[in-house]
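Presented as structure tokens, the chain that follows is alone, the form predicted on its own.
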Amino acid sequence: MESEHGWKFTQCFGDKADLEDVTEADIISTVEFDHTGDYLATGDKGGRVVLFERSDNKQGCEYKFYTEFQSHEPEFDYLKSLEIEEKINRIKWLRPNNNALYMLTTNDKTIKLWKVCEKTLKQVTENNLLDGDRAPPADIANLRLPKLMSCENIVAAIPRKIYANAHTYHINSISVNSDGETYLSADDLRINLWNLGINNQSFNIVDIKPANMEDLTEVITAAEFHPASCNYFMYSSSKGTVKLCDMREAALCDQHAKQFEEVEDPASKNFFSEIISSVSDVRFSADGRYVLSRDYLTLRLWDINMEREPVRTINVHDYLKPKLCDLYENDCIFDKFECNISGDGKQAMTGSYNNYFSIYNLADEGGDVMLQADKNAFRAKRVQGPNGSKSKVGIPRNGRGGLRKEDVDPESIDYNRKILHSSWHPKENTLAVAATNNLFIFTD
């Protein structure tokens, strides 16, 4: 597009309707690349999972629609008189096996293991009666053997296991272990460990529920297994802490091995401090050495060998600090932004409002890029930059500059358009970014 180097918009999937016309069920609620990056999955609030497959062509690589299936349906808990939404909270890929793809999907209460594979449909093309068009054979010599003919190939999604009734509260995270046999699921107060082959039994490994619910001071917000060591996992809390646990130490990991927390200056505390310090997402780097955490205003990079302070603290949208009262009034202050770290561990990405998202160079503080995932940004309209060069809105002309955080006007931001969900390709600099009901692909 504009340059050979730098981040460029390459694809957009989804209906191009205006925000007001978007159906609630079509809003994307999770995005996930598989381990190879050849497949990309999205889940939406309507309980559907859509898969995209990578295809290489002369113009480079692009993703094309592969299949779609209904993962979850709305349910009703008659015991608690509670509606259970079909919304897909998380998708996690398992390693492919026997030419089939496997993935875990979850809504608030039920986790499902899906097998996705290509099947050949066969049709009976020859039999004795030809569906009533032919008289029965007069004698045994005229009997015909039925013939099966392959007619078409389809992609089928088959639920192999359903893991239900293990969570009292809403599931916010699932994470597959590096051993390939177990996975964890986390809700507000507990984390359970499952064996993929056993769907009627799980082990509780973290329980922070107090004896008296009136004493409740924090909830679990996210959890993830270490990418290489199968005994380590971490979870984040609404108190702004990230705790690393070792399953070798005890069956119930209520005592953490390490705790990462940046203590706030008591002098700067205010009414919103506790809300904005809640960690919304945590990710390990691919080598397991670093932890990336996101709260409402900041992104923090931690070295797991250094609990004292983060290696780097990034202010994502500090221009919103004066607007916290308004954000509290419209409930935006409770938005849960995800974060991502690149496969090589050198860059991090997270979203903001107005469909802005930022890519940060973790080694060099000067190499940050701010972009906009917005279908309006890719029309013919061009704007003149401060140096006189013209570029499409949201796409940096030189691939490096992008939008400037200093130029963002908090008064003109549309808080209904936000980048909450995204995924980073495991082997290259390709990003999948969900913006309401659209999926954008950006590449470097």
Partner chain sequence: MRAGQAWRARGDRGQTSEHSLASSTPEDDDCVCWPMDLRQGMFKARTPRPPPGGRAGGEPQPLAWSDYFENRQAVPVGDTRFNVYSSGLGGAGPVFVLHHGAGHSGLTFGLLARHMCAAEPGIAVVAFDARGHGGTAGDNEGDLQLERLVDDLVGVVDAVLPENKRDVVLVGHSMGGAVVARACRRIAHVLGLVLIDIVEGSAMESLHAIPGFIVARPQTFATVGSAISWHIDSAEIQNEESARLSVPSLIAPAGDAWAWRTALLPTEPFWRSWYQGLSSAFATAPAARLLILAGTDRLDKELLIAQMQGKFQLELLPAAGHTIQEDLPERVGDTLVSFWRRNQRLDIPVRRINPPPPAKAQE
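Remember, it's a predicted structure, so these values are computed and weren't measured experimentally. Residue numbers count along the first chain shown, from 1.
What comes next is about the form predicted in complex with its partner chain, which is not displayed.
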Counting only non-hydrogen atoms, the one stretch of 362-370, 269-277, 243-251, 158-166 within 4.5 angstroms of its partner chain in the predicted bound form is 269-277
Here the chain is shown alone; which of Val50, Ile27, Ile413, Val31 has a heavy atom within 4.5 Å of its partner chain in the predicted bound form? Ile27
Answer key, its partner chain contact in the predicted bound form at 4.5 Å (heavy atoms) among Glu152, Asp265, Asp139, Glu329: the residue is Glu329
Is its partner chain in the predicted bound form close enough to Lys209, Leu216 and Cys325 that every residue in that trio has a heavy atom within 4.5 angstroms of it? yes
How about Arg308: is it within 4.5 Å of its partner chain in the predicted bound form, going by heavy atoms? no
Ser185: heavy atom within 4.5 Å of its partner chain in the predicted bound form? no
Taking its partner chain as it sits in the predicted bound form, is Ser238 near enough to touch it, meaning that at least one heavy atom pair lies within 4.5 angstroms? yes
Using a 4.5 angstroms cut-off on non-hydrogen atoms, would Cys230 count as touching its partner chain in the predicted bound form? no
